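Take a look at this single chain in structure tokens; it is the form predicted alone.
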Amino acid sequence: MITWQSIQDIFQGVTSLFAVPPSLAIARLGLIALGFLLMYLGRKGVLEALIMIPMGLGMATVNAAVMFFDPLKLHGGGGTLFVEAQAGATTDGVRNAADLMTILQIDWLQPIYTFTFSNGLIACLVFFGIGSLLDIGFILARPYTSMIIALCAELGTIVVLPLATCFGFTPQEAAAISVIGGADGPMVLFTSLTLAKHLFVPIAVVAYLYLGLTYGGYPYLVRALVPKRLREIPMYPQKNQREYSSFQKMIVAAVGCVVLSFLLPIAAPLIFSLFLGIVIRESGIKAFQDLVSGPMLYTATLFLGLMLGILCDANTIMDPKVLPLLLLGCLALLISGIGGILGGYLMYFVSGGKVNPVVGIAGVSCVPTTAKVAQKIVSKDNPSAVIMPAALGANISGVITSAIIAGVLCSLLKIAS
């Protein structure tokens, strides 16, 4: 005989929705709706589809099914897809390897989190793939313009770092939050794992939500700060511009990798991953480049977006520390965008009007998103204007600059902790 209790036992998701406080239930429903919205905007091209579509589906599903095990109620928990990091620990805190491996075999996302996400490996894999797509010739063509704009685009990190301490965060937590201003997702993951592991999940979720929104938000910022007559400025190749061979670019990348790793060993995993990708690109080993820039990059990106969505459950978002993270992360990216545009204006005046100020937004190192945003804005006002090479130079320089700044912060604050 079918009873109301048997129906509740079968459809446990509905039961769990009414078994939690109303605020948490509303948050779950809101995050389900947000997940669908992210998927829709990703499909429409408003947001970055590679991250937003799997992230949106993961976010909607995890909040619908409450798929997390409670580590304190492991043997009677209701999770089916993902377990907490402490699952499998015994009462005295020692992990039971056999039990844990049994769980890993069943809950298919847990191994991905444990072996690639929680230790920063997935950030290295993404950086590896990104490096294989980058042509450092764009930096070498305009080195000073690229570096100055990239430095200006770190303004959000510089401003939010002391501001976050005013919200009660420790210097290590503040640094992990402020690095969101660099708009470099793998670097944000790496820094939060190094300096504030307990805030890793909310920082990662907040960072990638905002990085996706740079597609939609930065064009309005550029149009508000750069008048149409300046947005229309075309950027022509410089006279007597030197052409660099693949061998020369490979040597530059190798030297840069060794020097930066020597100066900032704490950030060497990401530095090495990025420059190894660049070296593979310039080495002419097509089989390696096809592997790294194709299957490896897209697999890592898929699971990165999926894991970020799965981690974005209502309990995480309702954490009292997350609201300041939301505000500070948004502020960091806003100020970095303004800083980049100010850098673009600086180079516009220094060059005598030959640099389009819109290139400045590409200094925010969400590569290649902000470079594409810059070109799209300019093309709308002047279809014949091409600024993509200069934007990519600033963009790639921004990646390297954010890695250096994150490495400096990790080196200083890791010692202080």
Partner chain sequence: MQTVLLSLTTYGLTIVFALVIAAVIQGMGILVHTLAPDRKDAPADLSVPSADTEREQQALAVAIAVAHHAKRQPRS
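Numbering follows the first chain given and starts at 1. All figures in this text were calculated on a predicted structure; none of them were measured in a lab.
Note that the form predicted together with its partner chain isn't included here; everything after this is about it.
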**Asked** Which single stretch, out of 198-206, 285-293, 328-336, 135-143, brings residue heavy atoms within 4.5 Å of its partner chain in the predicted bound form?
**Response** 135-143
**Message:** Would you classify Tyr220 as touching its partner chain in the predicted bound form, given a 4.5 Å non-hydrogen atom cut-off?
**Reply:** no
**Message:** I'd like to know whether Ile405 contacts its partner chain in the predicted bound form, with contact meaning heavy atoms within 4.5 angstroms.
**Reply:** yes
**Prompt:** Quick one: is Gly120 in contact with its partner chain in the predicted bound form, heavy atoms, 4.5 Å cut-off?
**Reply:** no
**Message:** My question is simply whether Val255 lines the interface with its partner chain in the predicted bound form - judged by any non-hydrogen atom within 4.5 Å.
**Reply:** yes
**Message:** Is it the case in the predicted bound form that Ser23, Ala27 and Thr114 each bring at least one heavy atom within 4.5 Å of its partner chain?
**Reply:** no
**Request:** Go through Leu109, Val279, Met147, Val126 and name the one with a heavy atom inside 4.5 Å of its partner chain in the predicted bound form.
**Result:** Met147
**Prompt:** Which listed residue (Ile251, Ala268, Leu346, Met318) meets the criterion of a heavy atom within 4.5 Å of its partner chain in the predicted bound form?
**Reply:** Ile251
**Request:** Heavy atoms within 4.5 Å of its partner chain in the predicted bound form is the criterion; list the residues of 243-260 that meet it.
**Result:** Glu243, Tyr244, Ser245, Phe247, Gln248, Ile251, Val252, Val255, Val259, Leu260
